[in-house]
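Take a look at this single chain, the form predicted alone, given in structure tokens.
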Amino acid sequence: MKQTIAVVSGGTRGIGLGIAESLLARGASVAITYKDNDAAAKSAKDRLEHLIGKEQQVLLLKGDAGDSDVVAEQHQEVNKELGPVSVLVNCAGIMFKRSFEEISISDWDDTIRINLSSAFYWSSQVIPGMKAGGYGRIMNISSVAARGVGVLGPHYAASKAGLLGLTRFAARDLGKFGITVNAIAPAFIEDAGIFVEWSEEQKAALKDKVLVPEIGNVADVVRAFEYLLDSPFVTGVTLDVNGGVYMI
């Protein structure tokens, strides 16, 4: 993967950061986007520093992934600094709990824009280059909420379900160009997203929702990512990383 250029949106924390580490360990150069948390970006850069080889680079790009103009500018910078993108991981997202009665129009619009539209914006930017190169891997980080077992609310479930439709359509259209498109749908990842802030008591309650002794962690999702990255004959699938939550 020494010639691989990857983009991980929302890659300064949690699942995105774990995937960025995996890509660097495999020899890729990685561009990581984030919205506005400079402290998290600095922490991520420090954490990744020891993985950067002589021929590798890490590019940190600040800006709203839910803004198509920002994404176009960031893609242009990636091409200039690193080269054509062959791996895209759409991980940018926001998580907050709202019921139907609590959610505002702004809450809804922001969630769809950042969690779903960003994946379309980034995919649209990198697909022409992937077609030209005859190779590409696009992975969309969805959620168990897309399958109807969410704990955050309708806004989040809808945004993550939309990623699954985007995944299937893109896989159908792009397979003939050597581009695979897949999704990963995690559940209850204790060291990512909103669950980082949950108490041990709250996390313990989640264990009743799965079939295995513990809830998941970022490493579980990274293993799923690596499988899909290495699998040219797997496309259009959603790989569930959820501890068997469907069976309860």
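From 1 onward, residues are counted along the sequence shown. Note that the structure is a prediction, hence the values are computed from the model and not measured.
Another form, the form predicted in complex with a small molecule, is not on view; read the next lines as being about it.
- Figure note: of the listed segments 152 to 160, 80 to 88, 173 to 181, 124 to 132, the one touching the small molecule in the model of the complex, with heavy atoms no more than 4.5 Å away, is 152 to 160.
- When contacts are judged by a 4.5 Å heavy atom cut-off, Ile114 counts as touching the small molecule in the model of the complex.
- Although the partner is absent here, Thr12 sits close enough that one of its heavy atoms falls within 4.5 Å of the small molecule in the model of the complex.
- At a distance threshold of 4.5 angstroms between non-hydrogen atoms, Phe195 is in contact with the small molecule in the model of the complex.
- At least one heavy atom of Asn37 is located within 4.5 Å of the small molecule in the model of the complex.
- When the small molecule is considered in the model of the complex, only one residue from Ala28, Val222, Ala31, Ala65 comes within 4.5 Å through any heavy atom, namely Ala65.
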